[in-house]
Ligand code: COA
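To begin, one chain is listed below as structure tokens, in the form predicted alone.
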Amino acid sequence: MGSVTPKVSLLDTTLREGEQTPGVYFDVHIKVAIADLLNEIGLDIIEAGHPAVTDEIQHAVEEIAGRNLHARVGAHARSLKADVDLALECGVQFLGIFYCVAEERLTHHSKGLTQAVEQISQVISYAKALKPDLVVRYTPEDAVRSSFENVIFAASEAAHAGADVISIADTTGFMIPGTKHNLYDYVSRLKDELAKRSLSPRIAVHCHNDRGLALANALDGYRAGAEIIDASVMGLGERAGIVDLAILLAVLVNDFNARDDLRLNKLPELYHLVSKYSGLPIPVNFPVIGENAFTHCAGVHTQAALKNPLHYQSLDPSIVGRKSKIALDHMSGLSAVRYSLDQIGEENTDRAFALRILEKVKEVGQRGRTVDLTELKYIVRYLSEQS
């Protein structure tokens, strides 16, 4: 069986998988800014795009690969020599080659398994011959719904041809922890079968979120010994997207002690950048990064949280450079109002006046708004004038 790796490598694919989100496209100067932030955070691999798709994407991949980042810059490619040539012209250090070996897809392409695997192996050998230090990943697309025998045959031959990484792609978000279709068992079985053949490529997991289980599946794979996990900012990607980067990093750092070299305090800046230029807002209740992720509202919650935020938080917001907040609305209690009054320099307010302020705050909250500190100052001034 597999075992947890001491240090997992992290691959961000916001600039490749993320651009497969309908309507999302980043101009080259924004892509460079995103890549720079990913590099600052400490990502190991930045998948910058699929150069064969458009000339603009090819140019962006070339620009990012030329920045001499600490992270490896990667490109995506079909199992075609022409795709490999374009990627290597961009100067990438990592190349992901994919080919599905599910029987239905092979039939669709009018190819037998042996013919398909020969093509995969030839393209990998070709890429390694052109650039021996290139890290090559082979992905049997939709691996988890394909015949395992087909996957292990293709993965073994890919490794023999020089593939450094085999990526298990849950392309449709099919896997469910705790069922017979789970990624822990799949990763363990694949590693064992490769080991029997004296092969030890690194194993990556690429999990889609169609059932809302991408993160759970990725962690299942990691626990079984996967060495690389794919993610994207806001979980951007095809359909329901993939594993969200910030949530993944927070869990790996806080709960698995998997990395101590990441600058998670840069995540809010990265997320605001991607959100602005993707045109997609960050949901307020989004874990780790959402506006309300560390905001306490209900009276009982705020009273306890003011004494110790961990009464109602399992994650310290400082891990991502944030602080706990108290919201003022119709659910607020006196302790929340007093805390907020202290924040605006009104710490000497007597109880009777504080209760009047609370009444006004609740009145505003019942209209579906929260009272921020600026509005609280206006409320204090207004009620003072009414006394």
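All values reported here derive from a predicted model rather than from experimental measurement. Sequential numbering from 1, following the sequence displayed.
Only in words, not in the display: the form predicted together with this ligand, which the text now covers.
- In the predicted complex, this ligand sits within 4.5 Å of a heavy atom of E141.
- H109 belongs to the set of residues with a heavy atom inside 4.5 Å of this ligand in the predicted complex.
- Although the partner is absent from this view, R78 contacts this ligand in the predicted complex, with a non-hydrogen atom inside 4.5 angstroms.
- Contact annotation for F98: at least one heavy atom lies within 4.5 Å of this ligand in the predicted complex.
- Between the options Q93, Q119, N265, S147, the residue in contact with this ligand in the predicted complex by a heavy atom within 4.5 angstroms is Q119.
- Proximity to this ligand in the predicted complex, taken as a non-hydrogen atom within 4.5 angstroms, holds for one residue of I319, L334, V53, V28, which is V53.
- Residues of just one listed stretch (256-264, 222-230, 191-199, 70-78) have heavy atoms within 4.5 Å of this ligand in the predicted complex: 70-78.
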